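Single chain ahead, by itself, as structure tokens, in the form predicted on its own.
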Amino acid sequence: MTEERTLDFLEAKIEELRQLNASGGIDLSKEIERLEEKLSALRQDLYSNLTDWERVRIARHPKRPYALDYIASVFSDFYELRGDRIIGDDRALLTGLARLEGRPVALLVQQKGRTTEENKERFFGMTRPQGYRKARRTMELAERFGFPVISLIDTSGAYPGVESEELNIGGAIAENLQTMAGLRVPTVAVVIGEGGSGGALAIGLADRVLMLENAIYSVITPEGAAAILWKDKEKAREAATALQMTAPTLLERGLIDGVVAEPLGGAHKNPATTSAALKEALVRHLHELEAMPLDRLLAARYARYRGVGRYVTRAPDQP
């Protein structure tokens, strides 16, 4: 039995004992306490020094909270907006209006499915052109009414099918980037799980970019990079390290603005704690952004993205 299976077994056993204890007749509190101490120690040992590949696995964990879970726990009065007014709706990217501690905000969120049927409906969280155009429509609406824009990113990438190419997926992403660059309202993006390539960036060009502690953000998946670089998808572990795609590394590189802490083992271990941390971070960053004059906000956004990456210019005759 692996350490992860041992954790699952202990969690199930503790829950079983709690139910028996609640039913009365037998006092199991000491046994529950003993198992909880053992579980806590095992979690600390297993999750305190995660490798990049282990964080990738946690970011993709099927029980990890998805965008709709955070909408329910962090926001209130969510009102969904559907359709791009050209082709139709896309269920992988949801948009709408909500309140964050009473403050109206516009939401752009990518949603994966938990069941086979839901994944078919949501294209496994991979957005199509109509989804990105719907997002742009919502951003323009938010700008008109002065609502901040919040993005929750969770996708392995934009949908790569023939349909997307026929409907100009590249153009839809480019239009979103142009729109976000010039939005005259504060914007915050949070990578809550996977942040894959242009599919994530299309709603992620924000004034502040945050990541949950075990989220990942990269131009390509580890498997895709391994297939290109080594012609071997089994090299995904090595690719995950080479891509420098984890939240702590990206914060150190200055590519994101903050890391939202997760419970040991990942957000799915205690969704309520993760939601509270996410809400605190969103409120704090929005408060800072809204305190900035508009011209300063736009100038800072321009400088931020002009400053991404490094290059050196040389004269033609220099080696």
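For clarity, every value in this text was computed on a predicted model and none was experimentally measured. Residue indices: 1-based, along the sequence shown.
Omitted from view is the form predicted in complex with a further copy of the same chain, to which the following refers.
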| property | result |
| --- | --- |
| One residue of V188, L167, M139, V74 in contact with a further copy of the same chain, assessed in the predicted bound form (non-hydrogen atom, 4.5 angstroms) | L167 |
| 4.5 Å heavy atom contact, R114 and a further copy of the same chain in the predicted bound form | no |
| Exercise: R208 in contact with a further copy of the same chain in the predicted bound form, heavy atom 4.5 Å | no |
| is_contact(I87, a further copy of the same chain) in the predicted bound form, heavy atom dist at most 4.5 Å | yes |
| Sequence-ordered residues of 118 to 135 touching a further copy of the same chain in the predicted bound form, heavy atom within 4.5 Å | R133 |
